[in-house]
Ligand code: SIN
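Given as structure tokens, the chain that follows is alone and in the form predicted on its own.
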């Protein structure tokens, strides 16, 4: 697809594209926004290099694609109520987002978009992997697709943020700080979503359940459900579906949580990584 106002290069990997020719720190014309939106729906994740974004500018750019949402477990930066800092200090061992997942799928209305901006990154390591859950779904057998589409999942933040969750352990609190606590009632909440999600804008179907955020398949035990979750995670993270993005200061990634999984690699011990994240409200998964 050709564009009049931006350049789009999809040679980065099996999914995603690098967009150039646009300064995201400035207000954008409607035509430019429309082209970015079209490219985003086509490629699922867009990467922008060499941007200089204040939190206010990042939030403004994100707002072109819908109403902004607030993350329930971290405090935002002073400049914007919608921008949260994701910082791993050099002496920390546990990172944020270090497993395959879609962002905040345990909310009744999960975010459709995440925009992550690199403020400070290590010279080596700290890459993010992105997996195409639409292509992975299409590659399943018809019988497997039909079975998965008939099942609902129980989604919850409790595996990560609950009283027994990963971020509630003493080690995690020491490494990640008190910003990962709070909101105890919501941390134990549950919501029902399908395992296979239909994209509201494209109509395409994608794998949606994940080990960190889906407790179980409705009516199944956790152990029974994990067999399915592990199979799907192994399947959708095959090389043919995954793009690896190397961050640089000033890089911004914008991905579609309705059809993309991601995993922040934790391979930069002894180095600091500082990111800013914004999420855009989405629809209830169907």
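Numbering follows the first chain given and starts at 1. All of these numbers come straight from a predicted model, not from anything done at the bench.
Just so you know, the form predicted in complex with succinic acid exists too; it's not on screen, but the next bit is about it.
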| field | Candidate stretches 95-103, 184-192, 144-152, 199-207 - the one whose heavy atoms come within 4.5 Å of succinic acid in the predicted complex | value | 95-103
| task | Kindly indicate whether 255, 262 and 273 are, all three, within 4.5 angstroms of succinic acid in the predicted complex, using heavy atoms. | result | yes
| task | Using a 4.5 Å heavy atom cut-off, state whether residue 121 contacts succinic acid in the predicted complex. | result | no
| field | Contact label in the predicted complex: residue 74 to succinic acid, heavy atom within 4.5 Å | value | no
| field | is_contact(residue 216, succinic acid) in the predicted complex, heavy atom dist at most 4.5 Å | value | no
| Should residue 116 be counted as a contact of succinic acid in the predicted complex, where contact means heavy atoms within 4.5 Å? | yes
| remark: Note: exactly one of 140, 86, 135, 159 sits with a heavy atom within 4.5 Å of succinic acid in the predicted complex, namely 86
